[in-house]
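Have a look below at one chain only, the form predicted on its own, in structure tokens format.
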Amino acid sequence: MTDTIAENTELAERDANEKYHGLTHAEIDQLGAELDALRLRVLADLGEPDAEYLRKVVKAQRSFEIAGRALFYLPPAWPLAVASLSVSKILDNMEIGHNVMHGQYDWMGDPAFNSRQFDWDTMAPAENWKYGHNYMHHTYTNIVGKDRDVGYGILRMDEDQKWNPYYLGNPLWAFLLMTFFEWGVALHDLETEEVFAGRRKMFGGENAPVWRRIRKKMGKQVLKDYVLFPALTGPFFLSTLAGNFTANIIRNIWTFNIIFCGHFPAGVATFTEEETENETRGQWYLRQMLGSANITGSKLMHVMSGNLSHQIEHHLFPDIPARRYPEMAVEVQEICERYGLPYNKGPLPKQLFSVFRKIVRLSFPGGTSKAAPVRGTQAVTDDSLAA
């Protein structure tokens, strides 16, 4: 009799948790405990090798920037100058700025790498970005209506976003956002969707300090890249200006593609506010795993992506130095397999194709229904992503 009651209780728990792949509350709690243990183990192991890695990346980034700036004085070397400056800007944005501002290196006690003081070479003010990204996105990851990174207030990236004729331009809006991504990220903090809904003023009210920081940061970036550095090259002003603009565009395109491939390819789940009400820590971990995707590739690709190619691990452990994600990914994938959860990964071209297909498909009304995988689903493979 006791066994029957226990069995019925477990079945009821599974029915109540279908959105969590049929895992019971106890299993979800155990999953959370395992991921907590992994996090604490890596935190306890942080030390000089991690600090030295960051210093080496910063040194490389500065070397590429100096080389790029210097090569603009030699017009025939313009393509090399642009390539070098592009690498510098990508490293600054992805492996240094993004990760330092997540607090991944606060433990070093070095003011140069303190998340509260660091700023990066992009249009988005650090203070605005840390609220919109570190808090809003990483707390409410893929909760439609809460996570403003679902579509960035510009695109329709989920079936639960109500369609209107504006979204027929989805592919065009995506192209423009990709090209001018740093500007889009900066203006994203104004919450334009709230402005258009009449619940927020564009430049006044609570947006006033946000807009003031955006204005100041944009002015600084424009002055640096499009006035001062070109002026330093004298007669090569226009070619240097064009080179700086091109390097920024290359950085924008690369950043957009890495971020979108980590958040929006096939197999990535989204959630409603009702589904995540009273969420436990284990359920939060599970949502991060189901709502993210990884990009497979070389060590160089991982460095150039700031290890956001390990987006699953980043969403699970945003304050852990990203250089640790590859080693943590081995254990995270093993945990997924053991609990019958998908581990969404694939090479960049296939993830990109998957994202592009979704952007086009969701520009039209409706969309493929999101059937949640059941417990025991195999890990999402490279071949299934291309299907």
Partner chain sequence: MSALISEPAAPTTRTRGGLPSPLSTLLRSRVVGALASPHGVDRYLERFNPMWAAHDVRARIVSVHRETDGDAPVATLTLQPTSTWRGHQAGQHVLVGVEIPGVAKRYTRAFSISSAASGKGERFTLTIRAHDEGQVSSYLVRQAKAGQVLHLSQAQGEFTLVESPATPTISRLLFVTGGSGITPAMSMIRTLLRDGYQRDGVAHAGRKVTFLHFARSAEDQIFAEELAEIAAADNGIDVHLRYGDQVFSEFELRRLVPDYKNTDTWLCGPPGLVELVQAAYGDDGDRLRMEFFKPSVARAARPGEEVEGDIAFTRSGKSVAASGASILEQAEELGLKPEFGCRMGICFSCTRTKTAGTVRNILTGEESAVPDEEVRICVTAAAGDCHIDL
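Numbering follows the first chain given and starts at 1. Keep in mind the model is a prediction, meaning the values are calculated, not measured.
Unshown form predicted together with its partner chain; subsequent notes refer to it.
Novice: Of these, 207-215, 267-275, 303-311, 224-232, which stretch puts a heavy atom within 4.5 angstroms of its partner chain in the predicted bound form?
Specialist: Comparing against its partner chain in the predicted bound form, the contact stretch is 224-232.
Novice: Check Asp149 for me: does it contact its partner chain in the predicted bound form (non-hydrogen atoms, 4.5 angstroms)?
Specialist: No.
Novice: Is the gap between Glu182 and its partner chain in the predicted bound form 4.5 Å or less for some heavy atom pair?
Specialist: It does not: once its partner chain is placed as it appears in the predicted bound form, Glu182 has no heavy atom within 4.5 Å of it.
Novice: Applying a 4.5 Å heavy atom distance criterion, does Gly103 contact its partner chain in the predicted bound form?
Specialist: Yes, Gly103 lies within 4.5 Å of its partner chain in the predicted bound form.
Novice: With the cut-off set at 4.5 Å between non-hydrogen atoms, does Glu34 touch its partner chain in the predicted bound form?
Specialist: Residue-level check for Glu34: no, no contact with its partner chain.
Novice: Given that its partner chain is left out here, which of Asn128, Thr246, Thr192, Asn134 has a heavy atom within 4.5 Å of it in the predicted bound form?
Specialist: Contact check passes for Asn134.
Novice: Is any part of 265-294 within 4.5 angstroms of its partner chain in the predicted bound form by a non-hydrogen atom, and which residues would that be?
Specialist: If the 4.5 Å heavy-atom criterion is applied to its partner chain in the predicted bound form, 265-294 yields Arg281, Trp284.
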